[in-house]
Ligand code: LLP
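Single chain ahead, written as C-alpha cells, the form predicted alone.
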Amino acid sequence: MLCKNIESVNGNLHFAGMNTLTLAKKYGTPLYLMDEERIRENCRIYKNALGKLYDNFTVLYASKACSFKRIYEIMKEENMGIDVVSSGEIYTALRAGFPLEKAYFHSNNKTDDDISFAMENSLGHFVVDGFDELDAIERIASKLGKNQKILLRLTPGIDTHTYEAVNTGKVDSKFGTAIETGQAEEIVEYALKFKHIQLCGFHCHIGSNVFDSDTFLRGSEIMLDFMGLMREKFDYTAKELDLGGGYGVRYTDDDEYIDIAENIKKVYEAVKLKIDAMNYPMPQILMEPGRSIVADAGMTLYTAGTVKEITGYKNYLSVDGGMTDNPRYALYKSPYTVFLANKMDKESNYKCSLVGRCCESGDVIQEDITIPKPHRGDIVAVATTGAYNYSMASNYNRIPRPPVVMINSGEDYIAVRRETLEDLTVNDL
C-alpha cells in the first residue's frame, strides 16, 4: 500500500485503522479524513532528526498546508512553532490558544492591517519580503512601542525543477530579495538602520515537493556565503537561519520514498563543515515543513455518481465533490492514488477519468486511473489529501465545503463541521 495508515481488510479500505465505509456512512461524503497520530509522528520525525544534530533548532509547521483550530492545538501539544501567511491564519491560531511568540509571519504583501494585527497580538517574527515592508514594520512598531524581531527572506537563485507554480527560490520570483542582483545586501544594510526592528537572521525557501537534499545543500551554501559576506561588510552576525520546507511526499507508488531524517543529516553535515571553515557561530536552524507533516495524514472520501462510457473514446466516473475540495489537479496536474473503498478485493481493470460535479470542464481529480468497475453508490477514496485540499477548498458553484474528521487511536471526531446551504448565504445582504 501507498502508506502504512492505508490497508485493505476483507475487501474494504481502512484508513488509520478505521473502516472508511463506516466513516462515509456516519458522516456522509465528500469527507476529509485526517490521521492525528500520523500528524504527530511526522512532527516528531523532524524534531528528533534536528534534535540529534543541533543544540538550537526550531521546527515550524507551515500553516498554509492545512489550517484549522485543531491543527494548531496539535502543534502546541507537539511543541512546534508555526509559520503563518495571513491574519486569518493568525486569528485561527489565536482561537486555538497557540502561543504566537512561536509564530513566523510570511507573505510577500502584508498589509498595514496585517502587520498591526500581528504586532498587537505579540507575534514572534516577521519574515520580511522587501523594503516597503521594512518601512511599514518600523512605522507601526514605533507607534505601538514595540521592538519587532524579523528575518529577511532572500532568494538564492536556485531552480528546483519542481512545479513552476511552487518554485520559489529563483531570482525571478515574487518572493524575497535576490542575492544575485545585490539587492539582498542592500536590504540588510537598510534593515540594520531601524530603531524598532531587530534583524535576527535570514530565511530562504527553495520550492515545494522536493525529493532530495541537493537543493537544500545548494541553498544552505549560498545562504552561508551570504552570511559571511554580511559579517565582513556590516559586522553583522546572523543568529537564525531558516532553510524553509519543501520535502516531498509519495502521492503514488511511483514516487520515491524520502528518508527525511537522513536528508536532514546530510544538510547538517554540509552546514557544519561550512560553518567551521568560516569560523562562524552556529546559528539557530529553522525548518518549516507543511506538506510532509499533513499530506499523508489525509484522505478524501466521495460517493460515486454517474459512470459515463463514450464508445471508442474514454470513460468518466463522476463523484459528489471535485475541484471545490481538491483543486490541485486543475492547478498543477497533481498525481493521486485512487481506490474504490468497497471493492479493494476486486480486479482493477477499468480505466477512466475521475471527475467532479462542478459545471466546469476542468473539474478533474485525476485522469486515466485504473480501478475496479465502478457503480453508482460506490465509495471512492483519494489518498494523500491532507495538504492543500481543505486549505484551498472553495464554494465554487455554491457547493458547501466538506467536514474534517480526525481519527485518533480508533476514535473519530469532527474537527471542522460540514458547511450547510445556510452557511453559503450567511454574508449575503
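For every residue, the number given is its place in the sequence shown, counted from 1. A quick note: this is a predicted structure, and the numbers were derived from the prediction, not measured.
Only in words, not in the display: the form predicted in complex with the ligand, which the text now covers.
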query: Contact segment among 275-283, 207-215, 348-356, 108-116, judged by heavy atoms lying within 4.5 Å of the ligand in the model of the complex; finding: 207-215
query: G201 within 4.5 Å of the ligand in the model of the complex, heavy atoms; finding: no
query: Residue contact check: R38 to the ligand in the model of the complex, 4.5 Å heavy atom; finding: no
query: Touches the ligand in the model of the complex: F68 (any heavy atom, 4.5 Å); finding: no
query: 4.5 Å heavy atom contact, R328 to the ligand in the model of the complex; finding: yes
query: The ligand in the model of the complex reached by all of G246, P289 and M392, non-hydrogen atom within 4.5 Å; finding: yes
query: Of F131, F234, Y91, Y332, the one that lies within 4.5 Å of the ligand in the model of the complex (heavy atoms); finding: Y332
query: Heavy atom within 4.5 Å of the ligand in the model of the complex - the one residue of I365, A381, A62, V59 that qualifies; finding: A62
query: Residues from 68-95 in contact with the ligand (non-hydrogen atom within 4.5 Å) in the model of the complex; finding: D83
